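Below sits a lone chain in structure tokens, taken as the form predicted on its own.
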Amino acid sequence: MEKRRGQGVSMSDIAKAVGISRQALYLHFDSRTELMLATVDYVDEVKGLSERLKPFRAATTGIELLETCVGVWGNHIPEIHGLANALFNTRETNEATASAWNGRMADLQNICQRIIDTLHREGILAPKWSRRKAAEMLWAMISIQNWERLAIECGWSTNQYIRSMKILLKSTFVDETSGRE
């Protein structure tokens, strides 16, 4: 998937790459969609995403949630970039990759909504934002495509990306007059 950026990868190609027959592959996965979803889950497991999310789950304030999300996501993107690119590039023409991509993006959107809802509940969401628009903007700002621009095209390090995104996102979404920034 990574080598071909998701283009033209069949179940036969996958079976051949792992040294089994196409029929044997179908014994484990009923469909390409099921295989793609399992692949994404496997990569998350291998990269320790669940363990990395523990500090996010433990965060109690909106600012802690925001900063922890940026740290976890900013460190995770470089590790999943190849697979994410493959999913992104084929999602319009392949149901399996669209399902895998859409599922992960829905998860990220939910995280963004939780952050914004917490900032709002604490009374520190910048007043220029509705909760829905703020969550959408946060999701767009931390997109893999924006990470690519900064990390790959501009040469930013992971630490520089995380540090700068924390500053940008806090200045965008936290009410400066609240005194809680």
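As the structure is a prediction and not an experimental result, all values here were calculated from the model. Position 1 is the first residue in the sequence shown; the rest follow in order. We call the rigid core whatever largest set of C-alpha positions still superposes within 1.5 Å between the two forms.
Note that the form predicted in complex with the DNA isn't included here; everything after this is about it.
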- Query: Looking at the partner-bound form in the model of the complex, is His28 within 4.5 Å of the DNA by any heavy atom?
  - Reply: yes
- Message: Quick check on Ile167: any heavy atom within 4.5 Å of the DNA in the model of the complex?
- Response: no
- Task: Decide whether Arg32 counts as a contact residue for the DNA in the model of the complex under a heavy atom distance cut-off of 4.5 Å.
- Result: yes
- Could you confirm whether Asn159 comes within 4.5 Å of the DNA in the model of the complex, counting heavy atoms only? no
- For the stretch 10-48, which residues lie within 4.5 Å of the DNA in the model of the complex by non-hydrogen atom distance? Ser10, Met11, Ser12, Gly19, Ile20, Ser21, Arg22, Gln23, Ala24, Tyr26, Leu27, His28, Asp30, Ser31, Arg32
- Task: Taking the rigid core as the superposition reference, indicate whether the CA of Ala58 shifts 2 angstroms or more between the shown form and the other one.
- Result: no
- Message: Taking the rigid core as the reference frame, tell me whether Ile152 has a CA displacement of 2 angstroms or more between the shown form and the other one.
- Response: no
